[in-house]
Ligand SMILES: Nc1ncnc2c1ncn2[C@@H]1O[C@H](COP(=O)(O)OP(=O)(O)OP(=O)(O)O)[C@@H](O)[C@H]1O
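The chain that follows stands alone, in the form predicted on its own, written as structure tokens.
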Amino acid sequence: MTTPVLETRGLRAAYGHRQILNGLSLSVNAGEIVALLGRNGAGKSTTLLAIAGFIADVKGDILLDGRPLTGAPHRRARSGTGLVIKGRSLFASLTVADNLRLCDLDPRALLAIFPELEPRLDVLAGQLSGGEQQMVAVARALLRRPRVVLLDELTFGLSPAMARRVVDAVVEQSRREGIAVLAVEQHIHIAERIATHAAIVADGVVKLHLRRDELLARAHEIEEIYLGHALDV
């Protein structure tokens, strides 16, 4: 049996006295994209932050290639995790090229994923459009050759055309490089485009595991898990 690239077992996390994760378990294999679907407050983003090491009070097991993933966020990044958070994560006062050099990446490597950004390499990141910033942040995470990339609402705030461009790039790189991807999402139609599988989360646990081809067919079942909140199908 193949060892998952990423696995969580009984993950529990809290903010103060508020319990968010209540024993969440999931796995992601190489070249697989798992979408975490659920309404706001279900525990999706908390799952990513717990895996990346940004939450102190976490119980349960987080495994990367079968080995415990522990320590501070920078240590987990060096072990092979990449994180792209909602709202972008670039240094606005540095150029696109310098944002990549900070991660010991050749700026022109960006163009292998997003060639349309060539005229923007020497532009300050803060002067890019939101979509361009997301393209750079995603490419930077993928180019570091991680074992797993964690994406928090990849298409948040993007136009439909830009969303498709970014999603397609993630899908292509995941397949080509065998990168495992765990992507937080709220909408079925985006998950159906990007994911190979989906984990439906409510109350801090995974309620249902589905293949991509089951998402639309079982939309009503998913709606029930969303506790009556209608999905954007």
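Remember, predicted model here, so these are calculated numbers, not experimental data. Sequential numbering from 1, following the sequence displayed.
Although it is not shown, the form predicted in complex with the ligand is what the next lines describe.
Heavy atoms within 4.5 Å of the ligand in the model of the complex are found in exactly one of 160-168, 192-200, 37-45, 60-68, that being 37-45.
In the model of the complex, the ligand lies farther than 4.5 Å from every heavy atom of D98. At a distance threshold of 4.5 angstroms between non-hydrogen atoms, Q186 is in contact with the ligand in the model of the complex. Proximity of I20 to the ligand in the model of the complex falls within the 4.5 Å heavy atom cutoff. With contact defined as any non-hydrogen atom lying within 4.5 angstroms of the ligand in the model of the complex, E153 is the only contacting residue in 132-163.
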